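Same protein, same chain, two forms; see structure 1 and structure 2 below, as structure tokens.
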Structure 1
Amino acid sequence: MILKLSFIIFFLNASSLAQTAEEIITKAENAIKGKTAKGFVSMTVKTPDYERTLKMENWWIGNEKALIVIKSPKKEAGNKTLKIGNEMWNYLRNTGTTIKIPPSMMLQSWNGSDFTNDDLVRESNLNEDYFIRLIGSEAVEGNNCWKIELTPKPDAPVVWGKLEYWVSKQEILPVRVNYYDENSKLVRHMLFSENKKFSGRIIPSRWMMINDLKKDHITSFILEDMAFDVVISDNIFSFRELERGD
């Protein structure tokens, strides 16, 4: 018991005193993603032409595997997206079929959002692909934050020239991420807000992706219910599961 307690104290010290930039990023990312995650999310896509909301149930195992099942609106309910590694399949409830997304369609928007199919597949491991450097402290939306710069490693297959990542010092949670191209032009940014408690963990519940090149293209996610680091059976990421209509 003492041992356990002292362990925790040691950990707390480490986190508040001698954090490296890598550790901050890892913590922030792990906080919102977990090793595994499942939950209900609603996605609102706003473009000059339309605005719509999808409600979805998700299962994630890291960046490796994911299953997304659409719950509403009615006409799309039951549609599923399965991601395994670099590949993607769509299950269409309406026609009861599974379609593997061919490479030529990877750049199509995923369900009308600001994300392409490719964005979902390629969601990379920040520690692996970037050099991470703490460059200062800054207040963002009233939060005292670390400002961390991530520059891609030479061989990393990421399109960005640079990321700027703000992590709140208090909760060690992501607050804002800026995505730049190689010429340091801001291409898009993501805002995290409305911290909520899900299964004992406080994380931002509203994630907003704002396109800085195309006006009025915003995709926001609202986490309605989340559970992290729960045991998820590998069976869920199978074709049989995919094609099982609910």
Structure 2
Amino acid sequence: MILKLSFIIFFLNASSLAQTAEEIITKAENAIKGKTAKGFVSMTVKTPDYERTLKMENWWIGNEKALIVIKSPKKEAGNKTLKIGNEMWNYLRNTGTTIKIPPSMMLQSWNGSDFTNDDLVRESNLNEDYFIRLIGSEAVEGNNCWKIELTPKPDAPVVWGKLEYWVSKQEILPVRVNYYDENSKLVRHMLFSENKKFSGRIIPSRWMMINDLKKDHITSFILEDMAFDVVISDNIFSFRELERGD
């Protein structure tokens, strides 16, 4: 009887922790995404050989639709990326051509960054695609954080073998995410910092992706101006808009 009671208590505690982990992830993800978002972002790619910065205007509807328009530098201004569901197209202004990204290219770099085409297309719903487990607490980048482990559910359309996700306890915001391959090798990690207020919500304004396989390869996103939960016309996410000259 005592053993049975102990098992029931353990099961309830484990279930509670799992549910708490899912709630934490949901709050952290919703805080930085919103139902819709639009704004201006700069992306700086640093390697041992060069450094380049792109200025972009972005429109997003949840995880389903996105349009990214490069505004500068001049030689790349007008290039666009359109995402609808799990499909993605690039428009090249100089040649006036639209290219659909095939599945074989999804893991290639997006615009020379440490983000991949798959990052833009998948934008997976973590609660749907991963088993989520709260595994402890740690201090990360000066923040007292929950440490959460995410492992893929069977047949989930994800490329990572495991994620480790740290969420600040005070703000319920992401602080760090580790990305592992199927062999549990750390491929890259992302750091979130410099919290600022946009549309009445405080979120990290710097998202820095660090490549753990290529030394000194770093991509930083800086949110310069963002509006969340705003009305965005569906016409934005069309081929007419994609191929419209600016």
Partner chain sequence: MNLIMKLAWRNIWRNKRRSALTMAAISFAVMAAVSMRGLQIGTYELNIDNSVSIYSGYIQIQHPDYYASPSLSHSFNPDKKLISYINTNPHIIAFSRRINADGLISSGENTFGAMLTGIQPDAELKVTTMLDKVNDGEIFIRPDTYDILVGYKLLQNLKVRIGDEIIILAQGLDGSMGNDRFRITGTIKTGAEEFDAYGVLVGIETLQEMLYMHNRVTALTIRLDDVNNLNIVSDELKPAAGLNSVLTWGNLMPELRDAIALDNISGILFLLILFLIVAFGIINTILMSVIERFNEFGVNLAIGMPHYKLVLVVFAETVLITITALAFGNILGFAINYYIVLNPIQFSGDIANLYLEYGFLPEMRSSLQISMFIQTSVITLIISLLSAIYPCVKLYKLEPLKGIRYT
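Since the structure is predicted, the reported quantities are computational estimates derived from the model, not experimental observations. Residues are numbered by position in structure 1's sequence, first residue being 1. Superpose the two forms; the largest set of C-alphas matching within 1.5 Å is the rigid core.
Identify which of the two structures, 1 or 2, is the form predicted alone.
Looking at both, the form predicted alone is number 2.
After fitting the rigid core, is the C-alpha of residue 73 off by 2 Å or more between the two structures?
For residue 73, whose C-alpha is compared between the two structures after core superposition, the shift is less than 2 Å.
Taking the rigid core as the frame, does residue 95 move its C-alpha by 2 Å or more between the two structures?
Moves: yes, 2 Å or greater.
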